[in-house]
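A lone chain, given as C-alpha cells: the form predicted on its own.
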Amino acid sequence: MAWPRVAMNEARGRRGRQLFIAGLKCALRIAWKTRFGLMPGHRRRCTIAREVRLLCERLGPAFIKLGQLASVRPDVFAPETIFELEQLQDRVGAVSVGAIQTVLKQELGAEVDALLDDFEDEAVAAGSVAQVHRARLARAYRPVTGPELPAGTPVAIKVLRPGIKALIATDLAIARRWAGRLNRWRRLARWRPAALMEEFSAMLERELDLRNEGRTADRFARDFAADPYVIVPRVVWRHSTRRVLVSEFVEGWRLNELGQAERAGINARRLAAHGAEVFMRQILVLGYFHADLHPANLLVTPKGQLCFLDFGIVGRTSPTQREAIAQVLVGLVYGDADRALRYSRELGLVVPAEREQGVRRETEVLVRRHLLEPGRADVRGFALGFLSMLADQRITIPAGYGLLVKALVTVEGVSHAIYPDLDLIKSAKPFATGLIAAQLMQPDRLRRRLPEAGRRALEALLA
C-alpha cells in the first residue's frame, strides 16, 4: 500500500517543481517588463495582469479555473487583473472518444448505444475540464420544467475528462501550500490568501460535480419559464451523474457570429436590451446570476431567444445587498454620484473622512466622462477608472460593491456583442426606476418608513 502513496508524492513533487519554475519565470518577466516595479500604476497593473493570465493558461485546468473564479472578485484583485482574467482561454484538444465512452459506461452502467442514439464521435466543444458530444434521446423524457422531450430529441452530453479530478486535486494541494506561505507575509496577509484559496477550492470542487450545474440550470429555467426571449437547455436527469450531464442540444449563433443572426431577421437591438434586463433581474431580484458569461456560454437561437449555457460558476446576492445595489444603480444611471456613494456605504465601502471629498469629486468626473457625456455610455471605462481610483487611494473594495461593478461590465459586454450601439445606461433607467418603486412599496418597508414620514409631514405643516 505504501508504493502508490510514494508514487503519488513523487508525482506531486514533480508537478510542484514545474509550477514553481513556471511561477519564478513569470515573476522575473514581470520584474523586467515593469522595470522592477518603477512603471506607473495603471500600466504596471496591466502588465502584471497579462502575465498572470498567460501563466494560468500555461499551468493548466486548475489554474485556468482559479483565474476564472478570481475574475469575479474585484474586491480582492486589481481591476486590470479581473478584466484580463476574463479572457482566459479554456479550449484544449479533445480526448479520444473511446476514453469518453469508457467514462459514460462507468457512470451510466451500460454502453452508450444502449441508452442514446446517434452518438457523435467528434466533440462539439472541448475544455480543460470537460468536453461535449452530441446524441439523441432513445426514449422520451419528462424534464423538471416544460413539455416532454420526445424520443429523437438532440441532446448535449457533457463529460468530465478522465483523470481531471486527480490532476486538479494535485494542483490545488500545491496552490494551498503556496497560499499558506503567502499568508506569513505581513503585506499580503490582509488579503487572506489561505482563506481565499480554500474558498476557491470549494467552488472548484463544486464545479467538478456536474449535478450542481444541472440543478442551477433547472432553477434558472423555472425562474424564466414565462419569458419568451430566454431559454435554458433542460436536463435529462435519467442519464446525468456527478461526471456526466445530459441536456437539450440548442442550436444557435454564438455572440461572435451574430452577423448571420441579423441576416436571418433577428432583432438584435431588442434582444440586447432584453438581455441586459434579464441579467440585472438575476442580480437584483432573484439573488443569483450566471457569473461566467462569454461567447461560448450564450447563444442567440433562430427564434430570437437568448440561450444560457454552462452554469458552473454562479454568483449570489443577499436581500440587503440587492436593495443597496439597486440604489447605487439608480445613482449611476441618473448621474447622481452622491447617491451612488451614499448607498455604497451600505455595501461596505468605507471612505476615510479626509478622502471623502476627493473621492466624490473624482467619481463625479468619471460619471460625467463615461456615463453622461459620450454618445454612448462606457460602463467598462467607468468601472476601470473607478476601481483603479479606489485602488490608488488604498480603499478596500467590499465584495458586494465589486460584484455590482463587475456585473455591470459583464452586462455591457454581452449587450454590445449582440447590438454594438446599445446604450446600457439608457436601457437600464426604466428597469432601475421600476425596481426602486417596487422596493419602496414593500409592506415591511412602508411599516418602517411611514411613521417617520408622517412625523416629518406634520412638522412641515406646523412650521
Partner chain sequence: MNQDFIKLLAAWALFHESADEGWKSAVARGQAQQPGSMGDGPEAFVQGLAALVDEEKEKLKTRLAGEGDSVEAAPGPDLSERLDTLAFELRELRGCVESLQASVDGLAARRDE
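Numbering follows the first chain given and starts at 1. As the structure is a prediction and not an experimental result, all values here were calculated from the model.
Here the subject shifts to the form predicted in complex with its partner chain, a form of this protein not shown in this document.
- The contact residue chosen from T145, T301, T170, N297 relative to its partner chain in the model of the complex is T145, the criterion being a non-hydrogen atom within 4.5 angstroms.
- Site annotation in the model of the complex: the residue of Q106, S96, S318, Q357 reaching within 4.5 Å of its partner chain with a heavy atom is Q106.
- None of 122-130, 377-385, 360-368, 231-239 except one has non-hydrogen atoms within 4.5 angstroms of its partner chain in the model of the complex; the exception is 231-239.
- Its partner chain is not drawn, but in the model of the complex it has no heavy atom within 4.5 Å of R263.
- Its partner chain is not drawn, but in the model of the complex it has a heavy atom within 4.5 Å of R215.
- Using a 4.5 angstroms limit between non-hydrogen atoms, F77 is distant from its partner chain in the model of the complex.
- In the model of the complex, no heavy atom of R184 sits within 4.5 Å of its partner chain.
- The candidate site formed by F63, R73 and R176 is entirely out of contact with its partner chain in the model of the complex, as no residue has a non-hydrogen atom within 4.5 angstroms of it.
- Contacts to its partner chain in the model of the complex (heavy atom within 4.5 Å) from stretch 211-235: R211, R215, D218, R219, R222.
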